[in-house]
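Below you will find one chain, with nothing else, as structure tokens; this is the form predicted on its own, and questions on how it binds or moves follow later.
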């Protein structure tokens, strides 16, 4: 396994460089530097002299090859300089925003897994019966309901009209929880539908396999078969879905953070896009790529832990 991990870590380098090249070409060749630089400046500052100053400040007056080398150096040191919009070091912004995004997305992540697993096992246990059909119907409705509409409805009625929750905001310490309860509910609500449908498919597929028939022939109860054998053997596809969704926790719920004024990574990224904050965007490309590659490796390792038949080579 050690050799496999080392090879995967080595393969991380060309993957990261490839993603950086794509972003670099999109900005420098397809996107057009002049247009981006023009939008970075306020209307009063859009003079040729100011554009030239900004170009020099960002190192965009260098040849493309040297610009890319500077980008690689920034990624290697994780030092991307200062944000043009917020005038703060990008590394400090990321350190401050990551815990905020995790506080928004991690509890719903746990709620979603527990609720979806329980409902999916229930569907598989009573497959084809009324309870299976009603859970599947509601799961499909949850999947089809637009998340943006859900936010608007919740803020309009639960927050503005009925004043059950704050409309938006952010506090300190324990005070933050009152601002997080509604986002937790909405994120869980929006994710449960898809998770239930996927987990149900996995569990039902396992139920139809030969080892389940053998267990039934031995006289084991259906409940024990479902919770002891079926759940354990269905863990590999479920682990793939669960672990590969973890990088998204750091990205945060973009719409949630934006609409509820929560200063997380998602809000930082959206602000960088709308304000043409190139240094922050360059940093986000590297951070997101590293997290997705890292958790892809964790997924592979977890396979061999959950199922000894899986060998990493």
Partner chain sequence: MEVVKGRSLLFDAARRIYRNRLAMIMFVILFIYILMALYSVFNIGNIYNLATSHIEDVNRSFIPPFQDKSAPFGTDIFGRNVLYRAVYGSKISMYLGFLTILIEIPIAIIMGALAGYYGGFIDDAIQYLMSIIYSVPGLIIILAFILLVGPSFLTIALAFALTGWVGLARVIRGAFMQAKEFEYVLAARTLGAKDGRIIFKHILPNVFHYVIISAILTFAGVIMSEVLLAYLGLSIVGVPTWGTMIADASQEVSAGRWQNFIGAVPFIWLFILALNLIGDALRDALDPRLRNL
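Positions refer to the first chain, counted from 1. Because the structure is predicted, anything quoted here is derived from the model rather than measured.
As for the form predicted in complex with the partner chain, it is not shown, yet the points below apply to it.
For the candidate set 84, 212, 94, 143, a heavy atom within 4.5 Å of the partner chain in the predicted complex is found for exactly one residue, namely 143.
Interface residue among 76, 134, 114, 152, judged by heavy atoms within 4.5 Å of the partner chain in the predicted complex: 152. Contact with the partner chain in the predicted complex holds for all three of 269, 273 and 293, each having a heavy atom within 4.5 Å. With a 4.5 Å cutoff on heavy atoms, residue 41 does not count as touching the partner chain in the predicted complex; it lies far away. The closest non-hydrogen atom of residue 26 lies within 4.5 Å of the partner chain in the predicted complex. The partner chain is not drawn, but in the predicted complex it has a heavy atom within 4.5 Å of residue 284. The partner chain in the predicted complex is approached by residue 22, whose closest heavy atom lies within 4.5 angstroms of it. Only one segment in the set 227 to 235, 178 to 186, 114 to 122, 135 to 143 has residues whose heavy atoms sit within 4.5 Å of the partner chain in the predicted complex; it is 135 to 143. Shown without its partner, the chain has 204, 208 in segment 200 to 214 as residues with a non-hydrogen atom within 4.5 angstroms of the partner chain in the predicted complex.
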